[in-house]
Structures are given as C-alpha cells and as structure tokens.
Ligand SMILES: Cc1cc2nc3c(=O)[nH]c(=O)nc-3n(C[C@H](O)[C@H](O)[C@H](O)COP(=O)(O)O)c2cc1C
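Given next, in structure tokens, is a single chain: the form predicted alone.
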C-alpha cells in the first residue's frame, strides 16, 4: 500500500504507484470539517481521476460535521473507502485534539467508524503508538485496536514525538496481530526481507511511504515485476499532472530520481 503522504500523494503519483505494483493507495489527509465547506482546494485533494484503488484519508473530531460530509458525499470511480488519520504528528493538529491526539479516545473513534459504516462505506484506521513514550508504554494503541471494529488498522510503529532517525519498533506488530484484528505494518519497510518478516508475523499487508518518494517503482520491485526506468516513469508522471488539479508536480518531480 502507498502511504498517504502530504504534498506527495496526488492522483498522478497514486496512479503511477498502482500501475507499477501497489495494491492500494491513499490520498493525503484532509479535514472533513473543511470538506463540508466544499472549498475547491479541499475537493481537489480527494478527487479521483481514474480507477486507481484509493482510500480517502480524513481527519477531524466533530462527528456532526463528519455526518454532514458523508450525507452529501458521492464517490468517484476507484474509491475504496475511508481511512481515519490517527497518526498525524503536527503540533497544530495535536493541540486541536485530532491526529495522534485521537489515539487515546477509542470510544469517540468507534462512533466515527460506526458513522462511516452506517453510510455503507469501508473504513480503516492509520495510527501511531501514542503521543508520547508513556502512552506507548501504556499501550493506548492496542486498547484502541481492541475496541474499534475497523476493516483493518495501519500501525505506524512510532509514537508521535519519535524521530524518523530512530528505527520503527517492529516488536509491537505481534501483539497487534494477537488482538485478532487485521493489521498492516508501516515504518521503515523497504526490502523483500522486510515484507517476508511482516508476513511471518501475521500482518495482512505493508504500507510504504518514504521509500516510495524517490522510487515509486519500489512496489513492483518487491514483487519482481518487469518495470520501466525511473526516468520514463518521471516523465509519465509529469504528463499526467498536466490534466489534473491538485498536482504536486514541483515536489514529486524533484524527488523522483
């Protein structure tokens, strides 16, 4: 799965990653309170231009506005469901009680998941291990996984304030799998050996983010697919951007080698 990377995962990048090996892609996060207002910039982020299997990642805490958004929502082709963001580390969002701050609120998250399901849509959750090392030690992530009935849980194996320089703590994945819920592993997964290790643990899949920034072909490489050159894929991405709103061409074309 391609991670919901901010300022990277536009529709063209999602298309490229799926075409060359990713099973499922995710939009960058968007607050559903913003979507209720129907502003163009917000709607551009969730617009789907093709059949690329895509989860729309949403974030917020106002259940009334979530319901209002879903009431008027009409899915595009390629739409696979919603992903609730419980992992964003932004201090701005944490102060507002959303993103990573939601991990310790399983009852509220359960109501939000149930609201989405009541509209007939699939829903999964992406979460970290907590806001702090203390919350990780108290296993707030496991308590949420146990209480909420989402389709699957993408577990980013770091707590909110943990630096990317520190390796993700894969030791949490077995206990997450032991909850009996479907778990997708996220954090520093880059090689075939990493993928095999997650399979052995019992994860149903892996999500790749930073490793795909410079190399959107990583999904196909992990699956031993015959692939084009990165140079040709970069040009393909640039051509796609010409006819799509909400493009991050300047960002992504710099990052693709």
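A quick note: this is a predicted structure, and the numbers were derived from the prediction, not measured. Residue numbers count along the first chain shown, from 1.
This protein has a second form, the form predicted together with the ligand, left out of what is shown; the following refers to that one.
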Worksheet item: Only one of 197, 210, 223, 65 has a non-hydrogen atom within 4.5 angstroms of the ligand in the model of the complex; which is it?
Response: 210
Discussion item. Only one of 65-73, 36-44, 226-234, 187-195 has heavy atoms within 4.5 Å of the ligand in the model of the complex; I'd like to know which.
Written reply: 187-195
Worksheet item: So, 16, 18 and 252: all three within 4.5 Å of the ligand in the model of the complex by heavy atoms, or not?
Response: no
Worksheet item: Would residue 29 show up as a contact with the ligand in the model of the complex if we use heavy atoms at 4.5 Å?
Response: yes
Discussion item. If we define contact as a non-hydrogen atom of the residue within 4.5 angstroms of the partner, is residue 85 a contact of the ligand in the model of the complex?
Written reply: yes
Worksheet item: Is residue 57 a contact residue for the ligand in the model of the complex, using a 4.5 Å heavy atom cut-off?
Response: yes
Worksheet, complete the sentence: Applying a 4.5 angstroms cut-off on non-hydrogen atoms, the residues of 234-254 near the ligand in the model of the complex are none
